[in-house]
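Presented below, as structure tokens, is a lone chain in the form predicted on its own.
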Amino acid sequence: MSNKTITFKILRQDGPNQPSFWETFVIPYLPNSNVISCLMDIQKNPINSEGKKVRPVVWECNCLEEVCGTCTMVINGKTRQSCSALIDKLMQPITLQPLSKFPVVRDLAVDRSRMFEALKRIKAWVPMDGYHDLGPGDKILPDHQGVAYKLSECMTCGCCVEACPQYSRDNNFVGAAAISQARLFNMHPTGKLIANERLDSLMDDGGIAACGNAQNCVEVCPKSIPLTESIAEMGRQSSKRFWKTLFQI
């Protein structure tokens, strides 16, 4: 039996507005483990490196296959999904920190409500006027489908806004994810019926003008969504909307 171990340094916090502190855990090494499985091992036996039994570490996870977006955290200084972070590819000690752009609920769990509020702001849905049969919808060409499908993979995980220098707790920037979703629903044959409302929202304070084009978002997106393309496209649509409104065209 191998005596190899793996060390985790975890930034912990007992609750909202409580001071944070580092705590170290050393657990047996198992090849091909991911960060989530290691956190589960710590949860089963929450004894820190000093041999003291402590309360279990709190974090969020669900799908465990990089689909739900809930397990995002900062791992070794990089924002990413902990379910797809394999320990064999990480430098030790492995440091785990909560996302810094959101309020901490406890330990590694944060409140990402702001991202969902941003989706409400840009009306990230397809409007309906009832459930009666309206007949077949518009045909969508394969090229259109390909772009829309890629945009629809967004998990609202928070990686893009965590890496964004313009997104902070003291401003109201909607972030790259919301801007990209506005593009997605403006592409939809029915969703585009309220395209101007989305554009008006993006032209408000905290909208697309707040983007500094740092392009960090596209670098860290776990789904490789073309976020900078979306920002550019929504910038074009917003500019066109502005000039049309200005001259009442």
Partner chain sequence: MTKQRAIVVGGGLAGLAATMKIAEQGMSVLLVSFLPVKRSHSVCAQGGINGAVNIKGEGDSPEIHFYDTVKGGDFLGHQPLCKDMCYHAPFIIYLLDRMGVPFNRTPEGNLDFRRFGGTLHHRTAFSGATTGQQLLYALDEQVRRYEVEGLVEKIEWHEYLGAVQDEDGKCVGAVIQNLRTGDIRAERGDAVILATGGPGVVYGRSTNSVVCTGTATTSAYLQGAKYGNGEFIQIHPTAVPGRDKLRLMSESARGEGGRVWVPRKANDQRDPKEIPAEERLYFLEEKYPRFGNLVPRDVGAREIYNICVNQGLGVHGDMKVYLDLTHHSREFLDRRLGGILEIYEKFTGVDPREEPMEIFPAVHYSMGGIWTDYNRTADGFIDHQSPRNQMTSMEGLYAAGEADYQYHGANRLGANSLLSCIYTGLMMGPGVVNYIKNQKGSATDLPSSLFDQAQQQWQEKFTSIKQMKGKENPYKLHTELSETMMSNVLIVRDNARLAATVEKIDEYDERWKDVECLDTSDWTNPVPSFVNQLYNMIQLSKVIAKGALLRDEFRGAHYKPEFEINQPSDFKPESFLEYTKLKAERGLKQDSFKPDHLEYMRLYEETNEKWLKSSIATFNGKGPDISYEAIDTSLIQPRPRKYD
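As the structure is a computational prediction, the values presented were derived from the model and not from experiment. Basically, rigid core = biggest C-alpha set you can superpose within 1.5 Å across the two forms. Numbering follows the first chain given and starts at 1.
Just so it is clear, the following notes concern the form predicted together with its partner chain, a form of the same protein that is not shown.
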Under a 4.5 Å heavy atom criterion, is D200 part of the interface with its partner chain in the predicted complex? no
Partner proximity in the predicted complex: D204 to its partner chain, non-hydrogen atom cutoff 4.5 Å: no
With a 4.5 Å heavy atom cut-off, would you call E219 a contact of its partner chain in the predicted complex? no
Mark L141 yes when one of its heavy atoms lies within 4.5 Å of a heavy atom of its partner chain in the predicted complex, and no otherwise. yes
Have a look at M187, A214, L64, A210 for me and say which one sits with a heavy atom within 4.5 Å of its partner chain in the predicted complex. L64
With the partner left out here, which residues of 97 to 111 have a non-hydrogen atom within 4.5 Å of its partner chain in the predicted complex? V105, R106, V110, D111
Following rigid core alignment, is the displacement of the K89 C-alpha between this form and the one not shown equal to or greater than 2 angstroms? no
Once you overlay the rigid core, does the Cα of D133 travel 2 Å or further between this form and the one not shown? yes
